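Below, in structure tokens: the form predicted alone, a single chain.
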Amino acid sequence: MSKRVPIAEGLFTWPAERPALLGSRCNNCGIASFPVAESCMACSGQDVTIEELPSRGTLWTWTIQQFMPKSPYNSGETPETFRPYGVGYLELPGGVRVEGRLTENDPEKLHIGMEMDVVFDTWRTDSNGDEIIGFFFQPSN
């Protein structure tokens, strides 16, 4: 029986009715980071707290990737099935920027500063039939 599993443990809450990205915040200087880190990237403090990150932010920058990603980041696409896709940084409230794949790949429909939602969906299907769940950024309605 196939199951739905996260692309990596600790990136987001899973399973969950409303999954959320997980980040860490330094209790010394307040800097947030993604993914969760054991120490602060700004002050090297060891006192960090894991927190759920907001599910909506603004597109900070983006590009369209025109080539297939290399292993281990490939999604099972072949040269025949590959379609260029958007990649961007989402700036979330609380001061953290997260890089991820966009659900939109039409440059005419993307612009810096637009609101986007963090969504969770199948990234690929594993050889044993398990759905590998990843996070994506989708333009807000």
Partner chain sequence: MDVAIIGIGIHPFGRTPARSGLQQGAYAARLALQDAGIEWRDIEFAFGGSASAGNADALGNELGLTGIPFINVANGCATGGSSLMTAYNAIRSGAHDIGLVAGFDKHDRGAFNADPKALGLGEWYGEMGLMMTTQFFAMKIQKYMHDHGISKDTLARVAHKAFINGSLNPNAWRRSPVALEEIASSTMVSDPLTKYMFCSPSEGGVALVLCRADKAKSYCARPVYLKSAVLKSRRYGSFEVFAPSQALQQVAGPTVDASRAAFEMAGVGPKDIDVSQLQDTESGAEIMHMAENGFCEHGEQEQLIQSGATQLGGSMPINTDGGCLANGEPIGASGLRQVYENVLQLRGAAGDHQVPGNPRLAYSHVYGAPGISAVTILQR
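Residue numbers count along the first chain shown, from 1. On a predicted model such as this, the values are computed, not experimentally measured, just so you know.
The next section is about a form of this same protein that is not shown, the form predicted together with the partner chain.
At a distance of at most 4.5 angstroms from the partner chain in the predicted bound form, none of the three residues Trp14, Leu22 and Val48 contributes a non-hydrogen atom.
Interface membership of Gly88, defined by any non-hydrogen atom within 4.5 Å of the partner chain in the predicted bound form, is confirmed. In the predicted bound form, the partner chain sits beyond 4.5 Å of every heavy atom of Glu115. Mapping the unseen interface onto this chain, Glu99 counts among the residues with a heavy atom inside 4.5 Å of the partner chain in the predicted bound form. Contact annotation: Cys26 falls outside 4.5 Å of the partner chain in the predicted bound form, judged by heavy atom distances.
Applying a 4.5 Å heavy atom cutoff to the partner chain in the predicted bound form picks out Ile31, Ala32, Ser33, Phe34, Pro35, Met41, Ala42 from 25-44, in order along the sequence.
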